[in-house]
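In structure tokens, the next block holds one chain alone, the form predicted alone.
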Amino acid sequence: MREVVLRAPDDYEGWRDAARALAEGSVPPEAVVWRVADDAPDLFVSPSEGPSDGPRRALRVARRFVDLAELVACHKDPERFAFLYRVLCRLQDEPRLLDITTDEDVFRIEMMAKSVRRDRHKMTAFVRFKEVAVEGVPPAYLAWFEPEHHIVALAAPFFVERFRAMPWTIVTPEARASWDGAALHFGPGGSRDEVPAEDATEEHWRTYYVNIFNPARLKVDAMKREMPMKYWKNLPEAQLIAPLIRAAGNDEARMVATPQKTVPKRAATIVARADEARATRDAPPPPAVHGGMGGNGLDALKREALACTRCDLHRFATQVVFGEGLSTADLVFVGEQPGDKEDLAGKPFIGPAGSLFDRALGEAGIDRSRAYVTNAVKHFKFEPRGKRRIHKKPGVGEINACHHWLEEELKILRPKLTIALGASAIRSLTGQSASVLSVRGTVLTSALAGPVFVTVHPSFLLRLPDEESQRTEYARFVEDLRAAKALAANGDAGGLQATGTLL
């Protein structure tokens, strides 16, 4: 028997290296014992046995197995590492094993990975930081969480990206993760007593929860599935759940019987911000500023948009990604939605598609700092896939929900020409659906934006299958941008005439 001792309960890298060496040496799964350093040693294992001296073989490992193994290594099952090694050995003789959904091992590995993903999601959703203030020292933030699996290191990068500007520590019974503003550190676990029981943010959470609670849409079973009761003891808003559920029936009846006569405080705040934005917008514009928002009307509108909850996308995205550019721009470019990099940075068109867009603008003779770029949808819509967030096309409902912000932007900007980059932009600007390729290079009429020139989104070029197609379409995209620039330049004289329409 061979014994492999891993340094930590989530030591995927240690398991991977040891499993590779063992599998290459054709060591059978039943001849290996796996344990974590803190576990008691197996009395029946001989520590003197080393790697196999038998013939070596090249391993074949699909990317899908690697992704699953990284998750399953964090599972609480004490046999997880032995199980993963067994599946790895089976894959050498059955390379299509993971496609057999009825296989017991395949079902088990998928369910274990799913359980770890769910636990990570619950951690990112239900961690609540408490402020710890010490005189003369900048405030730090502590949180307590009790995960089901060994997911602290797996989930920590999410909190680094979301709370990069503040020092924080998440304490769990098994381990802790700390961010000091520059580096991520891990240490031993702790107890609930390390985290303050109350702080100033508690009341903010409770106020927020009361304001979003809708008794007419209450589904208790669904709520408990999404927010299991075992997490309630650590959520400041949880103490309100039981009384809100008990009062829901009466509240719903009262809502139906008594039409709203006064504006709720939260709605009044939003209305006041909108009035402020409109008043600022209608005031004489300030001098143009290169780069940045370039106008108080847009600044006020951006502040209002940062609190947007018009659709469910705000629940998962990092932040609103508002438009950016010159407030007196002749050209306004409207894309689809922010991507992963834009969502994290809060700026539009800075990812791979944005880099290609900037290069094409330069070749077309358009100075981006003299233009304005925005999106039809201001929140990032994605689906998680392993450690990545994969772009997902926004639906009509989400485009319509976000239409308000684009409309207000265009009212302030009043460009000579708006360029629709892709189908989502066409939908938001015209209210109609259309194939981009069928109207590409034409000017559509829009009650919202006036003349709208249509071309592809730069991400379309990145998805093309071969380099020749990419070169051809990129050159055509640059020509579209040159045509748009010429149309805007000629608009000062005779106005732009629509050459296309949507029925």
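Heads up: residue numbers just count along the shown sequence, starting at 1. Computed from a prediction, not measured in an experiment: that's the story for all the values here.
Quick note: we don't show the form predicted in complex with ligand URA, though the next part is all about it.
- Residue contact check for F349: one or more of its heavy atoms lie within 4.5 Å of ligand URA in the predicted bound form.
- Ligand URA in the predicted bound form is approached by G335, whose closest heavy atom lies within 4.5 angstroms of it.
- Within 4.5 Å of some heavy atom of ligand URA in the predicted bound form lies at least one heavy atom of E342.
- Residue contact with ligand URA in the predicted bound form: A360 places no heavy atom within 4.5 Å of it.
- The candidate spot formed by A353, N375 and H457 lies fully in contact with ligand URA in the predicted bound form, as each residue has a heavy atom within 4.5 Å of it.
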